[in-house]
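Shown below, as structure tokens, is a lone chain in the form predicted alone; questions about how it binds or moves come after it.
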Amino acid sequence: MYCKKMTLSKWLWLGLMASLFANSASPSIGTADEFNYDETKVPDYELPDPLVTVDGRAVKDADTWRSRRRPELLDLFESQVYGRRPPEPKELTFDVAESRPEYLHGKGVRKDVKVFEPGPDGPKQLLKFTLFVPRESERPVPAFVGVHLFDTASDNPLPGNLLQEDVGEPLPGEKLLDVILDRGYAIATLNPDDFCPDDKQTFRQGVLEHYYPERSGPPGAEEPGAIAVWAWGLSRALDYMQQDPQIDANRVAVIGHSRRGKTALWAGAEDQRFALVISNDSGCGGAALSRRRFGETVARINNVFPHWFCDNFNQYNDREGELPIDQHELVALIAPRPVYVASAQEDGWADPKGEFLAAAAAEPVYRLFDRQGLGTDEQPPLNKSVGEYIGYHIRSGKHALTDYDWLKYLDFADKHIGPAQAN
């Protein structure tokens, strides 16, 4: 049996607030007395087996995983952690508000896309996003999409520079955007302020207010939290990409850092149209195992960010062992598609070891599809990438999405969805 017992930093707020609202790993968030950073104090725990159904039956083949176990797990994560996905729009229209073919000295085309849903009073704008496409592409290109990958209000967005926090010497952000475009990828970013603000008082403005206009009083126990709504928004960006002739919508990677890494994982789990999923320093409620209670815990994340998850998640505060699922099964929901989980050495708040262990524990599901995951049970050395369909690295430095991380993700994407993989 697979189950086993074990022991063992609106986007980027300024100044001191960054460490609180970016789900940072800084030890200044909580003292050593409040949170555990000692492997010897990790409690004994038993992981639920991803290959055993709710009624105890073993899952021995990919068909049973797809037809039975995967829907079970998806339902558990929806009902107990993230909340039920907002309704899927039956019909969408898109307005490309602006195109700048001269951007980056002619290397890229910038598109500012607005997404609308028809309604009795006329089209309702659901969200908007910014997309850059390589200018010199002869066929549809693969793409990355995420939340707050760069500043959509800026004329010079800087992916890769935005979330740096004193981590070595980063490449200039514009140079990184050059690299992404030069390697044949488009890149899109959403700003959730217009459809689900990252604020516990106002997060229901936008999408939730649109789809749940009659609700009064507290939300239902399974009503979606902000992470579920952000993930829903990423799917709407993918809806647009499916009708843009410059994008190969069958080769779109969803990517995120920190809370956005949680979002990317959940988006990839729910929407199987995403061809590749990347989680950067996602921590608690992302790739890290909840049962380890290392760094940020379920109780802490629910108390400080009560709008991120559904109300049902609160019943597991300080009771992680009672969760019917754990985050290795979230990673497993990506199978058989490639997924990359990454950590940072100084990011104890996000539990790097717990992130690695979750990635490793998803491997049996990938084996059902005859695909190798990490291919190792040992966490790799610093700054070394491992894995086939499950990728992983732990880099030196702090909680950030760095140029080092991006270059590893580009290499992983090249292998699975890159320009050379076009049909």
Ligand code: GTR
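Residue numbers run from 1 along the displayed sequence. What you see is a predicted model; the values in this text were computed from it and never measured.
This protein has a second form, the form predicted in complex with ligand GTR, left out of what is shown; the following refers to that one.
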Query raised in the report: Out of 127-135, 293-301, 268-276, 317-325, where are the residues with a heavy atom within 4.5 Å of ligand GTR in the model of the complex?
Result: 293-301
Query raised in the report: Pick from Trp308, Trp232, Tyr185, Phe150: which residue has any heavy atom within 4.5 angstroms of ligand GTR in the model of the complex?
Result: Trp308
Query - Heavy atom within 4.5 Å of ligand GTR in the model of the complex - the one residue of Tyr340, Tyr82, Phe195, Trp349 that qualifies - result: Trp349
**Report entry** in the model of the complex: members of 378-399 within 4.5 Å of ligand GTR, any heavy atom
**Finding:** His399
